[in-house]
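Heads up, the chain below is alone and in the form predicted on its own; it's given as structure tokens.
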């Protein structure tokens, strides 16, 4: 029991420590492809260090929601970390406290609080970005529901550890058309939920075009640092689910030994590097969609997930 608690703590620390690195690698690779000098891969760590040392400026009209939103945005990805296989292929202490759908609801709680906080200070840009964010989330939810439904049919469960074990033991089931279609649909949702191109541009700073970034415009200092760090961890957690549960369920530790856990950490980092390369390729070859085209993008994701469901039932 003690060993599993320590492993949970280790998984949380891995997500906290390496999530800014994933952001830094993506930014660095994009700069290399665009023939720019670009920032260092350690730049997100410098930014967080600088923000934690600054004072906060909070509007006198802000309520407790504005002050609580950064803490919720920071804590939510860590709660999901307790439910998913980050380093181990065997269930840990809280593995059965929630399934993939429950993890999605927990992640959406952080976005919900961030949306309320953006409207709390009556900033026009925050309210505009909040309405756009809710629209994207509203369109992404049917896709997630359909994806989880297909996963539950194929793997026989929606608990991430059980799904990982089903794919790991299933062998060639990972190349079935239904599985491939679900993977594509889920990745499209990741791009939408984390504010990546083609849905949103995380590097853009034009207020009228912002979607996800506009929710944090009124924050500064420690609050802004917690929101940014929470965003890094949200991307890392979703990519972990994508890689360790759906795409490459191999490389996780099967024993509580130092070599096995070290190999699991290295395997996870290699998977994150592969995911970063995929994101960079997409963001370097596609342009940001206009707002009304985002519905078409997520509508296509829903059709793909629905095709995955149909191909499963017809046995293709």
Partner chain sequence: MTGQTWLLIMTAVSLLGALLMAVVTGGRAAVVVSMGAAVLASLFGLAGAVTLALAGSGVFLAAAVLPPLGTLLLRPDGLSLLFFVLTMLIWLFISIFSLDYLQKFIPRYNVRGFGALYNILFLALAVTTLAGDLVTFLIAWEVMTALSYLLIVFEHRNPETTKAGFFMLVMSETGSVLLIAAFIMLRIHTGHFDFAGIAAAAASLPAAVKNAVFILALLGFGVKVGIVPLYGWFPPAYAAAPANVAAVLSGVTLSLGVYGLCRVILDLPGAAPLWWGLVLLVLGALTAILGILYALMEQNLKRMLSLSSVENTGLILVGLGAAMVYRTGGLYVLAALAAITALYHTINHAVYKTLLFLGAGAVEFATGRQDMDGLGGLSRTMPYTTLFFLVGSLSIAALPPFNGFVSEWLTLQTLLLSFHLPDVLPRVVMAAAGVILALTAALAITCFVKACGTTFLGRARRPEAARAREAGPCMKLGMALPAVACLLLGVLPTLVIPRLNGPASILAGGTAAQQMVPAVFSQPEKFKDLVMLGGGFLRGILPAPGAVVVPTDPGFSSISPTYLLVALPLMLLLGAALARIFGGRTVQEKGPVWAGGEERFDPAQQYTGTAYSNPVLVLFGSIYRPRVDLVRHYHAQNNFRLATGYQRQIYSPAERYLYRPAVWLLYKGAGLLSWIQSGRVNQYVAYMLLLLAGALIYAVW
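Positions refer to the first chain, counted from 1. Predicted model only: the values in this text are computed from it and were never measured.
The form predicted in complex with its partner chain exists for this protein as well; it is not shown, and the discussion that follows is about that form.
- Partner contact region in the predicted bound form: 56-64, out of 56-64, 259-267, 34-42, 273-281, criterion any non-hydrogen atom within 4.5 Å of its partner chain.
- Within this chain, residue 236 is remote from the site of its partner chain in the predicted bound form, having no heavy atom within 4.5 Å.
- Taking non-hydrogen atoms only, residue 119 approaches its partner chain to within 4.5 angstroms in the predicted bound form.
- Its partner chain is not drawn, but in the predicted bound form it has no heavy atom within 4.5 Å of residue 191.
- Contact check for residue 115: a heavy atom falls within 4.5 Å of its partner chain in the predicted bound form.
- Checking 92, 210, 199, 86 for any heavy atom within 4.5 Å of its partner chain in the predicted bound form turns up a single hit: 92.
- A heavy atom within 4.5 Å of its partner chain in the predicted bound form is found for one listed residue only; from 243, 101, 166, 180, this is 101.
- In the predicted bound form, no residue of the candidate spot (3, 19 and 27) has a heavy atom lying within 4.5 Å of its partner chain.
- Residues 149, 152, 153, 156, 157, 158, 159, 162 are the ones in 149-166 with at least one heavy atom within 4.5 Å of its partner chain in the predicted bound form, listed in sequence order.
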